[in-house]
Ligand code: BES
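Before any questions on binding or motion, here is one chain by itself as structure tokens, the form predicted on its own.
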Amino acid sequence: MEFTVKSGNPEKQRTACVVVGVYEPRRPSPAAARLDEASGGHLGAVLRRGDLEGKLGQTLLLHQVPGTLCDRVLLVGCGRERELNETRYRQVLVAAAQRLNEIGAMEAVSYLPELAVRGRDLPWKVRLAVEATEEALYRFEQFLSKPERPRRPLRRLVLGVPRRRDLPACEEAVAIGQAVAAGVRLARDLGNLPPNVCTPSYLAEQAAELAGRHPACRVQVLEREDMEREGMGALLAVARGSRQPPKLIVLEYRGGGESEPPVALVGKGVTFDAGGISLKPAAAMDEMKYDMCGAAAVLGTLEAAARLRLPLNLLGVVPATENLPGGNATRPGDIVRTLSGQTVEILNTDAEGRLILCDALTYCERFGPETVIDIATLTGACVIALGRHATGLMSNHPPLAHELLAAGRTAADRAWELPLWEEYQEQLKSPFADMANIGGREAGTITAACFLARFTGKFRWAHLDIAGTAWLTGERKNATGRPVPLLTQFLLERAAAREGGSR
């Protein structure tokens, strides 16, 4: 998909389709009003007839509009102007992209970035137009023998801006949007793959391919024997029930100075989670292929950062394994020694994500990271607490938490902070080991983060629980690619602050 920006009046665009917004009730946006004036009131007459009310997501395709040079005009309902926020703006963009893809236009000029979105400037609206369009057109069809593809799909979208002086900032916004969209697409593709394809070894291969695409990246993969020598007893305990060999994938991106400490991203990579001996219920167990979406988000974020050539050093660490029952599987009641030397009594083998992450977090210490963020589909309790709209956030460093929350708001990929108080640590007590791997039903998301916090005392750390946001369920089942936009925005702001401080 090709995106460009251009200044100019909508009636002068020689294109297959011009896209403009209409507010409710039947009130043209500024771009639509310019088209109406050029057409001698044609659009106004159509709206007065009631063909389009302007309700959010409505579309109406007009042919041969007088006074214009385009083949067609697509009117898109935007709802009430004062209610047009980030979420509704995204819905408008998605509705337009889907309709354009259906009508065989192949290319179009969209003036939707001119819409007034509360608190958002033009480059932000341009960037979101790129990301939302790519999201709307995404299809995962690798395993369909006869995929349903439009005969003439949308291939090029020009985003109209009011003035020529807006072009440089908006061209940069397009580049950022395309990089984020590429990262999201990679994360979605990996998440949507079936678990018989996306194994720990496959994830390692994808990391190697990413490093091959970008000269600033390099990859190292630790095998089972390496983990045994290191003493990663928690990670290896999870892998014992599977015939697939576990992998610890270490992907570095070197965009900063040689001595600059990296920002580390640690992604949970359980490529299928049956729960181990603590077997999950059969209903919707197929969705446990998505338990590696934290790993997918790490790879997607590094893909976006490498495309943008961010002046930062990044470290991606992915502990990858399956969690299956078997004759050699870890049992409830087993005690393991982690890489940190701390011991864990495993009371529930389905609380496996924190076990593989704790060894990966300890492994990060040797790189002297500036900041560590782990990303994991960790607890069903997070879905109960926050639903599927917000990612759960906990941190041992309040300024880092504030950075991530702000990045989520900017990227329209929001997170919500939960407490990480010392009182919750009491729930992890074990009479036989340094800690248990579960803390009971109450505050399950928080106690899971409290477990991880015991392995993060040497660095600034944040935990993102994406159990509710990493994929959609039911008929719309699909990986979302979240929180790649949040993480990329966080890195963009880190890079901007570093460049500003070096001047």
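These numbers were taken from a predicted model, which means no experiment stands behind them. Note that residue numbering begins at 1 and tracks the sequence as displayed.
Heads up, the form predicted together with the named molecule isn't pictured, but that's what we're talking about next.
By the criterion of a heavy atom within 4.5 Å, Asp350 is counted among the residues contacting the named molecule in the model of the complex. When contacts are judged by a 4.5 Å heavy atom cut-off, Arg354 counts as touching the named molecule in the model of the complex.
The closest non-hydrogen atom of Leu302 lies beyond 4.5 Å of the named molecule in the model of the complex. A residue is said to contact a partner when one of its heavy atoms sits within 4.5 Å of a partner heavy atom; Arg331 fails this definition for the named molecule in the model of the complex, lying far away. Scanning Leu137, Leu308, Ile277, Ala381 against the named molecule in the model of the complex with a 4.5 Å heavy atom cut-off leaves one residue, Ala381. Residue in contact with the named molecule in the model of the complex (any heavy atom within 4.5 Å), chosen from Ala467, Leu43, Ile446, Leu464: Ala467. Only one of 424-432, 286-294, 171-179, 232-240 lies within 4.5 Å of the named molecule in the model of the complex by heavy atoms, and it is 286-294. No member of the trio Glu11, Ser29 and Tyr111 reaches the named molecule in the model of the complex with any non-hydrogen atom inside 4.5 Å. Contact annotation for 436-472: residues with any non-hydrogen atom within 4.5 angstroms of the named molecule in the model of the complex are Ile438, Ala467, Trp471, listed in sequence order.
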